[in-house]
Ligand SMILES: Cc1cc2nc3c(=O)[nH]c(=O)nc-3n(C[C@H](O)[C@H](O)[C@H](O)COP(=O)(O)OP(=O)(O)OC[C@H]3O[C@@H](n4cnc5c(N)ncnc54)[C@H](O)[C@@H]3O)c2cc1C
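One chain is shown next in structure tokens, namely the form predicted on its own.
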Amino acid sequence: MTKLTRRSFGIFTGALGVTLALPTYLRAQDRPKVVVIGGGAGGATTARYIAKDSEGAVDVTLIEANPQYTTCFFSNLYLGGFRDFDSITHTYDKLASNYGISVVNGMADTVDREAKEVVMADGSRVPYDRLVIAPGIDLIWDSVPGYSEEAAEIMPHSWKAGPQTQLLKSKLDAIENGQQIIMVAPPNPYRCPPGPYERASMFAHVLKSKGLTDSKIIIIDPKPKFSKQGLFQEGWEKHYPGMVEWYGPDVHGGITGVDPAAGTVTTDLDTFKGALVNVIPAQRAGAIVAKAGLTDDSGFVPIDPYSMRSKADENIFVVGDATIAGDMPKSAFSANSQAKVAAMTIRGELTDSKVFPAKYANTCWSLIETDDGVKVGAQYAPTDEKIASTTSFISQTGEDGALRKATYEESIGWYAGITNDIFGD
């Protein structure tokens, strides 16, 4: 496995986006227009790479509802006290000042595909020649009976980073010795497959650090297995013996409902009561791609594996968590990688610059305890059927402490590198 640093990440991830030919499109008022909806890892990366590599030949507009972006990735480290909130929050200022991207803070409501215009919530319209949509995920509130958007203020999901993350942190910090934390994990597919289990590790780290060793974390999971399961369970036994319990469906028999007022989760096996209940419901693509007619029955968007172009509209590209991306997991690294393929394809179509064959990559790091990090990742290539894994790697159980510390430090370098790659920080 190659050690990844901030510098090497930038070199690696930038390989697809280097300027390969001067744009031939004249810089004039009729520059081709690219509109990007969504300012997360997929959308902001696409906008930045098109603007940067086209050197002003393409007019790029980024539409994002919020003036700043808090990363869901590394939000677990904020919960565990390893990061402060400001360090995972980023603005779009440098995308505007350094790359000439027009940043519109507003809500995109739908897409008029025939007119090639984005329809904003206020009724205004933004025309495009190519549209990129990176809406992330929406939560399916009723996938857990009794749960709702209102209930999330009592039982936070915190699967979209921001105020929900701060709410979960405040509830975690209020736990007293002997009280329980209950987590309802999501079914597949969902954003960040190892994320719930890293979060459970960070819960345990906080409880252990405060001496609350009589408290427990109970994970009620609708899945029979989960990402990095052996690594997490080994780490829980090593660092937090008896504190983390995981119940798969063969044990709990099914989740029948939650009661926010009572703080309970009921299953066929038993009713579990927690001072903190973290419910992560099922997920689907952000609503705008369904309104635009781009999703299939799965609730996600079929894409061309060679370009990230929507299979429903040749002028629209979709990147990130909203897509059906074959073997790639829904992660920030994946979204960033997919964004570069989309950006290169769009720039090639609009400026006649060279387009190289698509390549994709992903790595997901997880922190279990101080200086004990693990990872899983792969390289991918497009086929006619899907984005397929070509090589993969995963940390091994029983690794020594020096390697685990190096893996954690690698993740810190990656975070600095990828946020610079996304936001131009």
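Just so it is clear, the model here is predicted, and its values are computed rather than measured. In this text, residue numbers run from 1 along the sequence as written.
Keep in mind that the form predicted together with this ligand is not shown, yet the notes after this line are about it.
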Heavy atom contact within 4.5 Å of this ligand in the predicted complex, the stretch among 135 to 143, 299 to 307, 235 to 243, 173 to 181: 135 to 143
Contact assignment for this ligand in the predicted complex, among 90, 340, 199, 130, heavy atom within 4.5 Å: 199
Proximity to this ligand in the predicted complex, single hit among 328, 155, 72, 101 (heavy atom within 4.5 Å): 72
4.5 Å heavy atom contact, residue 41 to this ligand in the predicted complex: yes
Touches this ligand in the predicted complex: residue 374 (any heavy atom, 4.5 Å): no
Close approach of residue 262 to this ligand in the predicted complex, 4.5 Å, heavy atom: no
This ligand contact in the predicted complex: residue 115, any heavy atom under 4.5 Å: no
Residues in 274 to 306 close to this ligand in the predicted complex, defined by a heavy atom within 4.5 Å, in order: 288
